[in-house]
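Form predicted alone, single chain, as structure tokens, below.
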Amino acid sequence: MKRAAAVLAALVIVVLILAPLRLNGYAINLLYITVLSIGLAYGWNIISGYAGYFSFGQIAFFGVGAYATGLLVADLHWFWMPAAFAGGVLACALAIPLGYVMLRLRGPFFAMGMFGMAQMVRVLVTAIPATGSGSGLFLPPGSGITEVYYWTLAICAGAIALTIWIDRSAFGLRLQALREDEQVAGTLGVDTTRAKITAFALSALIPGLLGGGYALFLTYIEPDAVFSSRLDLQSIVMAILGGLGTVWGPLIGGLVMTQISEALWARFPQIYLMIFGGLLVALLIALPRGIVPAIADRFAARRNA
């Protein structure tokens, strides 16, 4: 099962690498948003899928990365790639002290706290004159969609590689112990504070890096665009649909969700959201653990038959 999934994922990545050479502008934009959402889903999956801290605020780090990149490019005239990298590092660095505070909360209190933190960051950015306040920040042109797409694809591939390492490492086992029972994990010798803050920082690094590319994709950033609840919720649903705490869940969930959404939008533009919502609920009821665990269970049942 794992080998088949790895081969399928490798084929998908090859197709994604070659796709811009054959697609038109609309298709590349759609593909970019798909890869972006999958990358965000992988970042969210580290803290929520593996560590068990369900977050509604990872989009805050995405916005921090976008604004840091925008300021470095617009005001200091950096080339956008090192600026985007610096934005990701800044998001990761901010996550460490925030983690010491926010990760004292558990369950719905952590989810609500993260949502409130994301809104607080959005309001703070709006109040700072250097960021353009509520009117936004214009970026000079200089990078096409293809370059931004490949940057995003590289970050997404790195997030997959990081998830594979977590899934197979002692660190990943410590995160899963946290997810199952944090108090018991602590009594067994797991440094729970260090493990969950490391996971939180890694889950902030990925959206921070992706936010820099998104800023260049838009060429104009404002708070509602880069602290988008829609993007945040979309990435969460992708990870849950594919399978929480799995290597391939965010990828499979993202591809399935995007294809269904696009097909429904093309056929039923007026009511596609209603149909899509109904299908999504039906899928989650039929596959409560997600697509990847359901397929794994089916393979296991066949081997045992």
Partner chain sequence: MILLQLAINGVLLGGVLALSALGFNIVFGVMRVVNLAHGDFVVLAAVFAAYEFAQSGINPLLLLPLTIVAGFVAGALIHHLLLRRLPGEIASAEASSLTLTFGLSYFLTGAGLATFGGRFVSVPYLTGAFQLGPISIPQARLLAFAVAVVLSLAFAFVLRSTALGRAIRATSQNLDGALACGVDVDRVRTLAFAIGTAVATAAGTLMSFLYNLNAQQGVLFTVNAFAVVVIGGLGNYTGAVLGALVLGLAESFASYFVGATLAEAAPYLLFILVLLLAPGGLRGRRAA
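Computed from a predicted model, the values in this text were never measured in an experiment. Numbering follows the first chain given and starts at 1. The term rigid core refers to the maximal set of C-alpha atoms that superpose within 1.5 Å between the two forms.
Beyond what is shown, the protein has a form predicted together with its partner chain; the following relates to that form.
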Exercise. Is its partner chain close enough to G116, V123 and G277 in the predicted complex that each of the three has a heavy atom within 4.5 Å of it?
Worked result: yes
Exercise. Its partner chain isn't shown here, but in the predicted complex which of A154, L105, L218, A93 has a heavy atom within 4.5 Å of it?
Worked result: L105
Problem set entry | Distance check, L284 to its partner chain in the predicted complex, heavy atom within 4.5 Å | yes
Problem set entry | Touches its partner chain in the predicted complex: M81 (any heavy atom, 4.5 Å) | no
Problem set entry | its partner chain contact in the predicted complex: I271, any heavy atom under 4.5 Å | yes
Problem set entry | Proximity of D191 to its partner chain in the predicted complex, heavy atoms at 4.5 Å | no
Seminar exercise, completed: Answer among 162 to 170, 73 to 81, 105 to 113, 146 to 154 for heavy atoms within 4.5 Å of its partner chain in the predicted complex: the stretch 105 to 113
Exercise. Even though the chain is shown alone, can you say which residues of 231 to 257 have a heavy atom within 4.5 Å of its partner chain in the predicted complex?
Worked result: L233, V237, I240, L244
Problem set entry | CA of F268, rigid core aligned, shift of 2 Å or more between the shown form and the other one | yes
